[in-house]
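The chain that follows stands alone, in the form predicted alone, written as structure tokens.
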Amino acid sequence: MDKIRLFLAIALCALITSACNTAAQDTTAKVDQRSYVTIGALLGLSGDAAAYGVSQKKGIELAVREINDSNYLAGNRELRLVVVDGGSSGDSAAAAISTLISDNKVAAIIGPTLSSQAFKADPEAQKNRIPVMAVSNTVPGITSMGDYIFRCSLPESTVIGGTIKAAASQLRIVKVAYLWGSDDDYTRAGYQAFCDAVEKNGLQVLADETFARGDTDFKTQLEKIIAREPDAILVSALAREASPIIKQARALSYTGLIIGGNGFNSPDLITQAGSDAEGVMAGTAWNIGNTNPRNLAFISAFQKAYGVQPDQFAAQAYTGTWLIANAVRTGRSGEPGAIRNALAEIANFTTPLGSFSFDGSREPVHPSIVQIIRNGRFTVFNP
């Protein structure tokens, strides 16, 4: 009897083990049935690009969570996000994008943060036919690098053109001076956009001064400019240089208007320049005061997730991620070529930036905004 009981006990254990293994296999099979679309985020998380890249990362991660939690892609699919630090140089971005393509096998890429990095990195994605979504590159020629390159960030010419027009018509500025970075793709493009807008609005140029990326002392240039008594100083700079330029101009008793481009649209500028930033103007693609329901939902979700308010760069990165997700959903494929084709067809898609479309050159179509710093925050300019 003892032998029979022992035999039955062994047999029962074997049956239980088999059942457990079968259940485990079934669970694994269910997990494996879910398909993942891997996308890469190439962001400036170190160096002077971090003023924008850290915020972009938050916007992208928030969008990915929302997309996956809502089963937006349908068909049991999810986005899988791989984030790499592209630093603040073109070479570091080029190395990072190669890693995303060769090692991570991404189906699409968001970034890089700086326009100067894009010209080094994007050709590699174009060569490999991997769609790129530029979410903060604003200089001319970004989408001209190839038919796989898109951007949802308004070109510098659009935002600066609108700002100069508003300042000329509503604040009656007539005489201006330039102060711009001569060694960076973004700041050179911003300077050219200022030149074009100044000429279009018939303004008089009193001075034209330059600086180099990484400079911290701008007093010599500012003294020359202020001596000419301009109505406005037009500054093409990233936030790292913009803040000390603003502070040093005010320290030299300049009380006139200071106007910047997209590089000014970081909360870091207000934090670093403090009360000296009051009255500074800049063009933008997004403002937190926009009451578009999609924008309000984004702001609420961002604040809940991170305990701080989003900025333009978070909004554009968040939007770019949703644009890629929409392409995966409508194209019913996670393959790079299908994503590229579906992106090109996007029209009137509701985003925090407003109703969004791509034109035939894969450039963004949505309204720009002029904003001014009042009471320590960016507000829509209403004179």
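We number the residues from 1 along the sequence you see. Computed from a prediction, not measured in an experiment: that's the story for all the values here.
FYI, the form predicted together with a small molecule isn't displayed, but the following is about it.
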| property | result |
| --- | --- |
| Contact check for 137, 186 and 263 against the small molecule in the model of the complex, heavy atom at 4.5 Å | yes |
| Non-hydrogen atom contact residue 52 with the small molecule in the model of the complex at 4.5 angstroms | yes |
| Non-hydrogen atom contact residue 238 with the small molecule in the model of the complex at 4.5 angstroms | yes |
| Proximity of residue 313 to the small molecule in the model of the complex, heavy atoms at 4.5 Å | yes |
| Contact flag, residue 234 vs the small molecule in the model of the complex, heavy atom cut 4.5 Å | no |
| Position in contact with the small molecule when the complex is considered in the model of the complex, options 160, 132, 152, 114, heavy atoms within 4.5 Å | 114 |
| In the model of the complex, segment of 137 to 145, 196 to 204, 97 to 105, 276 to 284 with a heavy atom within 4.5 Å of the small molecule | 137 to 145 |
